[in-house]
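In the block that follows, a single chain appears as structure tokens, in the form predicted on its own.
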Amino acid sequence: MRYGKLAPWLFITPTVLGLVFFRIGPIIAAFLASFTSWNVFSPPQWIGASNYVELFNSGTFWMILRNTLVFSLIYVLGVMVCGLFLAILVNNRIRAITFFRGLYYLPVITSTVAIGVVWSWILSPRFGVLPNVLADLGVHNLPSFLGDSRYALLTLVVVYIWKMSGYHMILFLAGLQNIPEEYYEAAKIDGATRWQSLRHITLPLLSSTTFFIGIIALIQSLQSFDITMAMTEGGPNYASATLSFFTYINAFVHFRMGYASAMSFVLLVIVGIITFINFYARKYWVETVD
């Protein structure tokens, strides 16, 4: 009997230890490091809130914060619309539908670095496939999609949406298949069109799935790093840099670990605030299937 009460704790101990040493511990250490000046090669020196003061007084930081919010807004909206559109397309019982589901999901499991390299080649102003095809069609003087500060960030967002839409397609597809078919049959008998069924049945009953996908997409957008590193390296002049990428630059290029830690906690606070707002607003628009 004594061992029976102890057994559950023994089973969860590895998970708890892993959580403490590999999750909670590093978070606490990074928070303490944000109040220090530390270049890795010498012991950290306590400087209080100087990193945060420097951060909020930096024009570059505010520009990159704006880039991050713009990236997140376009990505979340774009990937949700594309994911829902693909989910509706593949939510049919037709021949070879499994093939198309796998085809749309393929970019998700493809290396982001490989995708970045391929798209960089496609969009290259001189040797890219897209500019040359458009030139043959009579379209000339295209901008440098990755070299022009006006288009670099938008280009990254579009490529990232293309890569991740298949992932959100799977989530939306699970939500679509959880909606009882009787609702659509009743609507069809009443003379509802496909658009009316989508507007009044599909979207309201997908609201819980949409809420979940919105949170996931938001976190993905704020943590995006590899697509920026592979395609633009934050250029030109940080026009396409986001907070995750800028944190990496300060930590592992400039070796300003304290400053980078402060930046990472600003990002954490932003994610927390937006997530809290989403959870608070959920009760006003999320519906469930009875």
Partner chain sequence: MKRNLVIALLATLLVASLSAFAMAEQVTLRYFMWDPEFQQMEAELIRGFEAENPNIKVEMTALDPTNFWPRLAAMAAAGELPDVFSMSTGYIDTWARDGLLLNIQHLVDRDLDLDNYFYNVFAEDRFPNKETSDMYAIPYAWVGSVLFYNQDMFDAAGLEYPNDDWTWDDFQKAALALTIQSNPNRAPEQYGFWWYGRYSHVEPWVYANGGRILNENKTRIAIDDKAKEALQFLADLTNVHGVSMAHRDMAGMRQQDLFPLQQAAMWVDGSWMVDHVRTVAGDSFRWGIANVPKGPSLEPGEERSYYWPDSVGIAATTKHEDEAWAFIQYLIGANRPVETYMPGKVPIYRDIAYSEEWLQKDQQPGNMELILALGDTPVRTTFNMGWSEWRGYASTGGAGMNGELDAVTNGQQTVEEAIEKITRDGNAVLERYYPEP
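Predicted, not measured: the structure shown is a model, and the values here were computed from it. Numbering follows the first chain given and starts at 1.
Quick note: we don't show the form predicted together with its partner chain, though the next part is all about it.
Partner proximity in the predicted bound form, defined as non-hydrogen atoms within 4.5 angstroms of its partner chain, places exactly one of 198-206, 80-88, 118-126, 184-192 at the interface: 118-126. At least one heavy atom of residue 135 is located within 4.5 Å of its partner chain in the predicted bound form. When its partner chain is considered in the predicted bound form, residue 53 lies well away from it, no heavy atom lying within 4.5 Å. By the criterion of a heavy atom within 4.5 Å, residue 32 is excluded from the residues contacting its partner chain in the predicted bound form.
For the chain shown alone, residue 217 is not a contact residue for its partner chain in the predicted bound form, no non-hydrogen atom being within 4.5 angstroms. Contact residues in stretch 138-163 (any heavy atom within 4.5 Å of its partner chain, taken in the predicted bound form) are 140, 141, 144, 146, 147, 148, 149.
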